[in-house]
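Take a look at this single chain in structure tokens; it is the form predicted alone.
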Amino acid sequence: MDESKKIGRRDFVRGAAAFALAGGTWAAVGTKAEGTVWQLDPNKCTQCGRCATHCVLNPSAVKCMNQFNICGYCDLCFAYLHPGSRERNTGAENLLCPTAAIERKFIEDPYYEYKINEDNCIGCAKCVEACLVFGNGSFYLQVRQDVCINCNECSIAKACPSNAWSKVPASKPYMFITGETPPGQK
């Protein structure tokens, strides 16, 4: 077989998932080779929670990101701790995230770094909403292009009440909440 025509395991799985989603018929499903991918504009997102429930993948291809250059490395992070928590510890009753996807790492007193464990993140946006209300807005949602199957008609885009979804160039698949270009993109 011609080496240039071989497909990788991930592309095969994406194709099989698209086949299953199309009801077992081969439908025209978008590929990243076409030049565009679906992405969520974090500046239009209203944190409605539909990214977690309307994606054809389970868990959703939408994940929370933390833009570290604007993160405050807070002791009391409202994206991490449930508002009204009696204590600032990692007990499940104190955490805002329903899947414990945010990991807290001590830096120096009183600072902590907050990282997203994407394997646990379902894209519910609870932490994003809290960070926007009580923090500096460093948490935001994005479609992870290594997870997304790039459906021609994204079901989340159809359900989005703020019209925050669009096709973007595959060469620039991610957006920062500040509008800056992420590292590695031009």
Partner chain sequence: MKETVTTAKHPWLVGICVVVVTAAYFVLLARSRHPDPGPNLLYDTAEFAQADNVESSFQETGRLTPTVEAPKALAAGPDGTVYVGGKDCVQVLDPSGAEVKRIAVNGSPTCMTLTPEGALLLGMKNRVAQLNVGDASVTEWPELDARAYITSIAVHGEDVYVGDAGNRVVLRFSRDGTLKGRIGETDPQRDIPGLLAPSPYLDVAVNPDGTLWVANPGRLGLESYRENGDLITSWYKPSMKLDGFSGCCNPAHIAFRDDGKLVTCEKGLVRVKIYDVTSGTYEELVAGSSLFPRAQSVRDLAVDARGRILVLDPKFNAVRVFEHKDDENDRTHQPA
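Positions refer to the first chain, counted from 1. These numbers come from a predicted model, not from an experiment.
The same protein also has a form predicted in complex with the partner chain, omitted here; what follows describes it.
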Answer with one of 147, 151, 122, 65: the residue that has a non-hydrogen atom within 4.5 Å of the partner chain in the model of the complex.
-> 122
Assert contact_stretch over 35-43, 52-60, 113-121, 139-147 against the partner chain in the model of the complex, heavy atom within 4.5 Å, equals 52-60
Quick one: in the model of the complex, does every one of 101, 157 and 161 get a heavy atom within 4.5 Å of the partner chain?
-> no
Contact label in the model of the complex: residue 72 to the partner chain, heavy atom within 4.5 Å | yes
Any of the heavy atoms of residue 105 lying within 4.5 Å of the partner chain in the model of the complex?
-> no
Considering only heavy atoms, tell me if residue 95 and the partner chain come within 4.5 Å of each other in the model of the complex.
-> no
Within 132-150, the residues that have a heavy atom no more than 4.5 Å from the partner chain in the model of the complex | 132, 133, 134, 135, 136
